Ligand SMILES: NC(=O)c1ccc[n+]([C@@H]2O[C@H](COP(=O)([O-])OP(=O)(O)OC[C@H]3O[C@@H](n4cnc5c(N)ncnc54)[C@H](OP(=O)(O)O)[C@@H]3O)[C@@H](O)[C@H]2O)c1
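Next up is one chain by itself, shown in structure tokens, the form predicted on its own.
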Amino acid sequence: MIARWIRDSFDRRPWWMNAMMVFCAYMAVIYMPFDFLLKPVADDEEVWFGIIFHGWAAKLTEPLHWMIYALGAYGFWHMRPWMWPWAAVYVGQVALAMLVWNLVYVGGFWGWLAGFASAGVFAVLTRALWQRSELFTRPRLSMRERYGQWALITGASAGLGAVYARALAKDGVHCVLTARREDRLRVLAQELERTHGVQTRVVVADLTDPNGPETLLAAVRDLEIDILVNNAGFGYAGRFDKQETARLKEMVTVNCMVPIVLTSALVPDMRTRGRGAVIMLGSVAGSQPLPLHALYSATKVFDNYMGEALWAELRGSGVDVLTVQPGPTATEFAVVAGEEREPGEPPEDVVELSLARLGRQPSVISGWFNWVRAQGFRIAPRSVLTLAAHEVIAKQTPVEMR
């Protein structure tokens, strides 16, 4: 399975571009960290535009070199559109640098020969990168073209659910909208039909009821659901012994049981048809223990891991799975959870990012700060970070619930 994933990933680009990607990764992960952290200042050298910098001048410019190689490895791996034309531009200046370096520091006949020979190699790579712009700028097929006609979005009455519905409808996908607030669903359905000309179906369902998922599935049995957005979920801020047991049970039901029942019921038909998509709304909160949001973070560990595992199981079947891990988002979440915090990232940004990454990776963390925070829990002592998280969440939690 790993070998197949690696092969599929490398098949996305020509061999010479794979070689450049591997070189960038080596420089970013091994060579530059060694150069910056371990090499004595007196021995340090860096080359910019063919001119050698020594000592502190070299040391202070190394972070910029590291950033260039890190962006190169990342950009090639994900084939990001911004790599064209900048990858070609950077390799072009390397060609110039090779010529200058050999002329200035080698000189003579051999300097000229080596300079033009090495510059020629990089000039060829520059031209190749410039001519393969289509690899970085391939037009994205619409969600309807990729997966099919109908999407089911849970928690569609507001927040991320409503934004997912708008984005999918814009791509020509008919939408089943489900939540408890019928009035909001009807308004959204009318908007989607009027603005995008798609069909909609409103299904009022209380997913805190253990029978809610079956009620919802019965209401869409006549449709081929090609896209499932497991968006419904809520948080509950406060010290665990002060929280209501009934609401805690409801949170486990909505955040964990509902996506499992819906996914289990709909994925087999997607797999039979050979196409489909499942979006699992996890959270960056699932990357860490979160005091005063203890059960919520635990349910999001469940969602994060479940989605990523399904991604691996369904690879090659035509069914794409993506786990979305947003941080604080400007939705109703904080009000429902009983938090007191500033609005977070716009939900439109989360949805746009997730639909762009669907089919390309198992999960995505929205927002660079959230990504950094999530990675911190991989390397730092969990005890220290958990206590630090307690301090942060306490400031967002009403005094009576701490």
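All residue numbers are counted from 1 along the displayed sequence. Given the structure is predicted, the values throughout are model-derived calculations rather than measurements.
Below: the form predicted together with the named molecule, not depicted.
Visitor: Have a look at 178-186, 71-79, 115-123, 262-270 and name the one stretch with heavy atoms inside 4.5 Å of the named molecule in the predicted bound form.
Guide: In short, 178-186.
Visitor: Taking Ala205, Ser283 and Thr329 as a possible spot, do all three reach the named molecule in the predicted bound form with a heavy atom inside 4.5 Å?
Guide: All three within 4.5 Å in the predicted bound form.
Visitor: Would you please decide whether Gly159 lies within 4.5 angstroms of the named molecule in the predicted bound form, comparing each non-hydrogen atom pair?
Guide: Contact check for Gly159: yes, within 4.5 Å of the named molecule in the predicted bound form.
Visitor: Just checking whether Asn231 would be counted as a contact of the named molecule in the predicted bound form - the rule being heavy atoms within 4.5 angstroms.
Guide: Heavy-atom contact with the named molecule at 4.5 Å: present for Asn231.
Visitor: Is there any non-hydrogen atom of Tyr296 lying within 4.5 Å of the named molecule in the predicted bound form?
Guide: Close contact exists here: in the predicted bound form, Tyr296 approaches the named molecule to within 4.5 Å, heavy atoms only.
Visitor: If you check in the predicted bound form, is His174 within 4.5 Å of the named molecule, heavy atoms only?
Guide: Residue-level check for His174: no, no contact with the named molecule.
Visitor: Which one of Gly307, Gly238, Gly155, Gly276 is close to the named molecule in the predicted bound form, taking close to mean a heavy atom within 4.5 Å?
Guide: After the contact test, the surviving option is Gly155.
Visitor: Pick from Ile51, Val336, Met67, Leu60: which has a non-hydrogen atom within 4.5 Å of the named molecule in the predicted bound form?
Guide: Contact residue from the list: Val336.
Visitor: Using a 4.5 Å heavy atom cutoff, which residues in 46-71 contact the named molecule in the predicted bound form? It's fine if the answer is none.
Guide: Heavy-atom contacts within 4.5 Å come from no residue here.
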